[in-house]
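Just the one chain here, laid out as structure tokens, in the form predicted on its own.
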């Protein structure tokens, strides 16, 4: 584990011992990013969300470059961004150049990811790159931040980038030990924090968080409030290792019969609040988790009621 300074507000807040919340923004195939900025503004209004992830081509789709909305969210909204970067689309030269460019723009958090394969996305003839894996990407960031060089030892002129780097972890992994060891490699080369993929099983999540304690690194558990039955069904059917609880899924399915839009939204919100409020309280009370990463994309109305008691 590295002893790197906390360059970002996210890491500073974590090191102050506060239980933190992060959100998620998803620029799609958009030229107009006003909807992304609106979501960021709604997150900031809660006074609880300290930073927001900006996704990098999820599901392998060709979406807006994540660096630009990260910069705009920080500059126009004043909410710190967590810049997701995948190794799927760029070799080490492009990755280095983008990291340096993002740091020059004032980005302070980078989440290193493998990225969903391009075969899943909307350009299925695209060639995935994977010149580095996500662990090697963290190593690249470490060399840039700690040593002021690229992977070949070439010096960065004019100073070192000031970035904190995070990694992902999958609490749904089975078997679990290979995932824990993989996370350990990422911590060894310089990860400052962990954000996990979504969990729907509080007991499984607690066991996973306990396993990660061996690395003495802050972990934000991923949760995914679901704004309609279709999304819940898709998650349950197509996301590997993720199983939406049957009671939760059935409750959302019943809302399809509600004709009044206002009533339907209120019912969906209550289903989510009844599920996630005790979930978060249990995680905060019984584990050493540093906080929650809430992946409620385009579900801003849930933020205020969900976080009001924390």
Partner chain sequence: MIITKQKDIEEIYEMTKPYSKILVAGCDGCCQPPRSINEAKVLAQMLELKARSEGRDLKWKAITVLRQCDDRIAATTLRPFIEEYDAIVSLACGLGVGMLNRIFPTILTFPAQNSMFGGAENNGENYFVEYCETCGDCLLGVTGGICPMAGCAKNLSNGPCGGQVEGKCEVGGYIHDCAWVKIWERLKKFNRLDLFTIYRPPRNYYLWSSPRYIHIYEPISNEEEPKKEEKI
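Computed from a prediction, not measured in an experiment: that's the story for all the values here. Positions refer to the first chain, counted from 1.
Here the subject shifts to the form predicted together with its partner chain, a form of this protein not shown in this document.
- Contact here is defined as any heavy atom lying within 4.5 Å of its partner chain in the predicted complex, and by that definition not a single one of 42, 68 and 72 is a contact residue.
- Remark: of stretches 74 to 82, 216 to 224, 127 to 135, 154 to 162, the one touching its partner chain in the predicted complex is 127 to 135 (heavy atom within 4.5 Å).
- Taking 228, 114, 236, 149 one by one, only a single residue has any non-hydrogen atom within 4.5 Å of its partner chain in the predicted complex, and it is 114.
- Its partner chain is not shown here, and in the predicted complex it never comes within 4.5 Å of any heavy atom of residue 203.
- Shown alone here, residue 139 lies within 4.5 Å of its partner chain in the predicted complex, counting heavy atoms only.
- Although the partner is absent here, residue 93 lies well away from its partner chain in the predicted complex, with no heavy atom inside 4.5 Å.
- Interface residue remark: residue 181 is counted as part of the site for its partner chain in the predicted complex, having a heavy atom within 4.5 Å.
- For the partner-free chain shown, 170, 173, 174, 175, 177, 178, 179, 181, 182 of 159 to 182 come within 4.5 angstroms of its partner chain in the predicted complex, judged by any non-hydrogen atom.
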